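First, one chain by itself in structure tokens, the form predicted alone.
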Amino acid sequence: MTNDKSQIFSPVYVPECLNLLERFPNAKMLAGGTDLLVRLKDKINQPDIIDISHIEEMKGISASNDKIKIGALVTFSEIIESELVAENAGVLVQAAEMIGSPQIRNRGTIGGNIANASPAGDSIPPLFVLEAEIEIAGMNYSRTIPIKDFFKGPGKSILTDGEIITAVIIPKMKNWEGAFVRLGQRKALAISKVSLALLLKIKDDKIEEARIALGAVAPTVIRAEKTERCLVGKKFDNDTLLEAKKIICEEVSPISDIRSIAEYRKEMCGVLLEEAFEQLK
């Protein structure tokens, strides 16, 4: 995999990593390696690698006041096993359970999934409805960005040269009910053709608040804001669902690609919304 010119660095602190990024701006970041190593497999000229997997301050899940902090190096298996995440952000656990295989969930990290900026990334729609924030570190500074402002297009984000994701911050959502559903070529080990995350706050069988995010139907994950507005104030019943299904199918403008055609994706948005509703009943 390597050649005589490529180097591998293993920083143990964030400032050390940032210093290496400044010295080697073309280096690739290695966290779990589930995507990067596949991309580099057949390349003749290998880049320098900065292996960030030993940075302890980017690991772990903690809570403070009304928020949960998930380190960028937390694996999807750790998210699945976390009672703290399950109690406050169950929709993220549901998505984590559908990612890849056990081996990929044991290695793949939430920070890596976000940094890849794929509109089909399964952890991203749940983070949109949870209205998560992304903690970013640069040399001698840090900043926090709402996840809705993080992505610029497929594979593109607002990260600048010399910046890394250090954590994901999620508000505690105990009084909400959530569901994540997806459509792929297979039930596992497949990239989503369409995915949907749903969060509802329901009281006395009425929807008080609604959040819906869709993956793989636009250049980035999007919120279905028209459908959300349609749901608010309505009864949590089949009539409301039928109205919302029509709106969500009209709200998206997906493209056709090797995995699916646009018309099918539009129709499946309504089907997935119905599946998510059924999970909450």
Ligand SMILES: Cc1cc2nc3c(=O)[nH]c(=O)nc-3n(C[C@H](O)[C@H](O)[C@H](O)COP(=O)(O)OP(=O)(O)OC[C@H]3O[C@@H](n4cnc5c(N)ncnc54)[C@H](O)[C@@H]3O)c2cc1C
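For clarity, every value in this text was computed on a predicted model and none was experimentally measured. The first residue of the sequence shown is number 1, and the count goes up from there.
The form predicted in complex with the ligand exists for this protein as well; it is not shown, and the discussion that follows is about that form.
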| task | Using a 4.5 Å heavy atom cut-off, indicate which stretch of 205-213, 77-85, 121-129, 168-176 touches the ligand in the predicted complex. | result | 121-129
| Can any non-hydrogen atom of residue 36 be found within 4.5 angstroms of the ligand in the predicted complex? | yes
| field | Heavy atom of residue 184 within 4.5 Å of the ligand in the predicted complex | value | no
| request: Using a 4.5 Å heavy atom cut-off, state whether residue 108 contacts the ligand in the predicted complex. | output: yes
| message | residue 254 versus the ligand, in the predicted complex: is there a non-hydrogen atom within 4.5 Å? | response | no
| message | Just to confirm, with a 4.5 Å cut-off on non-hydrogen atoms, which of 248, 58, 221, 231 contacts the ligand in the predicted complex? | response | 58
| field | The single option of 217, 31, 70, 244 touching the ligand in the predicted complex, heavy atom within 4.5 Å | value | 31
| task | Taking the ligand as it sits in the predicted complex, which residues of 222-250 have a non-hydrogen atom within 4.5 Å of it? Please list them. | result | none
